[in-house]
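As C-alpha cells, one chain now follows by itself in the form predicted alone.
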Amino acid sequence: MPGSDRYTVIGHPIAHSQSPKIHGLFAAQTGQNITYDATDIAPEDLASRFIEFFSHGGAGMNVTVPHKQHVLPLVDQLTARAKLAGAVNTVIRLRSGGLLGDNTDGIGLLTDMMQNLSAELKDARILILGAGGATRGIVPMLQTVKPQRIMISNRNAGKAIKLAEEFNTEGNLSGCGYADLASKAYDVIIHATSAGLKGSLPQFPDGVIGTDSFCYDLSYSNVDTPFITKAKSLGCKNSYDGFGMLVEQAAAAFELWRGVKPDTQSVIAALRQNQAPE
C-alpha cells in the first residue's frame, strides 16, 4: 500500500501470530493507512534485523517470544512499565527518530480481566503459575490494583522465589514450587507457563482451584486449553483464555502508535468466530 506506515511483529516462530489480523481489523475500523506483517527472526539475527527494519522506515514493532527481553538494549528509551517488567512487547518510533520500548501486556491483561470479564482483583488472593517472561510482564500491573496477596509458583521453586523478591515492592508477593502450594483455593489463578501450548500442565494441587475461583490462561486456542479443561473439571464456573488479553494489549500498542483507540469487542468477537471449531 503506497504511503502507508509499516509495522511488524517479530518472534521465532511467528507464523501462528494473530497480530496481523488484529491490527488489520483495527486499521480498517479506524481508517488508519498502515501495513502490518509478521517477521520470523532467529535469536542470532535479532540485532541486525531489528536495526534494518527501523533504518528502512519502519514505524513501530510488536515483540513476542523469545525476543521480549533481548530487545531491551536495542531501544533508546524505556517506559516505566517496560523497565519494571524488564521486557518490551511494543516499540514506538518517536518523532525525534529515537526508539521507545514499552510493555502493554500487563494493561492488556487487566483490561480484559476487569473490564471485559468483571474480575474482582482488589484484595484478591492471586496465584500465578509460572515464573517466566509472561509473569514478568503482568506482575507490576497486577500490583497496581492492590490484591491481598500474589503467589508465584513454578516447577523450579528458586526461580519463583527470586522473581517474587525482585517485584515485592508492596510486601504482598511470594514464591514457591508447585509441590509447596497449600491445597487451598485462590480467588484468581493465572496460568502463565508455556506448557499449555504443548498440551501439558504444571503439576499443581487440585485444591488451589475452587468452584468460585476466577481462572485465566494467558494462552489461547480454538478449543479449551489444558488449563481451562482442568479448571472446568474441578467445577470452576469462571475460566477464560487469553484471546481478550491478546486483543487488548494490541489495542494499547495501536493507540500508542496511531493516537486512536480502537474498539476491541468487535475484534475479540471476530477472532473467536474465526477460531471456532468446525
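Counting begins at 1, following the sequence as shown. Bear in mind the structure is a predicted one, so any value in this text is a computation, not a measurement.
One more form of this protein, predicted in complex with a small molecule, exists but is not displayed; see below.
Peer 1: Of Q77, S200, S174, Q115, which one comes within 4.5 Å of the small molecule in the model of the complex, counting heavy atoms only?
Peer 2: Residue within 4.5 Å of the partner: S200.
Peer 1: Work out which of I161, A124, M141, A195 lies within 4.5 Å of the small molecule in the model of the complex, going by heavy atoms.
Peer 2: The residue from I161, A124, M141, A195 that makes the contact is A195.
Peer 1: Heavy atoms within 4.5 Å of the small molecule in the model of the complex: which stretch in 115-123, 94-102, 81-89, 147-155 meets that?
Peer 2: Selected range: 147-155.
Peer 1: Find out whether any non-hydrogen atom of V208 is located within 4.5 angstroms of the small molecule in the model of the complex, and reply yes or no.
Peer 2: Residue-level check for V208: no, no contact with the small molecule.
Peer 1: Would you check, heavy atoms only and a 4.5 Å threshold, whether I190 touches the small molecule in the model of the complex?
Peer 2: The answer is no: I190 has no heavy atom within 4.5 Å of the small molecule.
Peer 1: With a 4.5 Å heavy atom cut-off, would you call L109 a contact of the small molecule in the model of the complex?
Peer 2: No - in the model of the complex, heavy atoms of L109 and the small molecule never come within 4.5 Å of each other.
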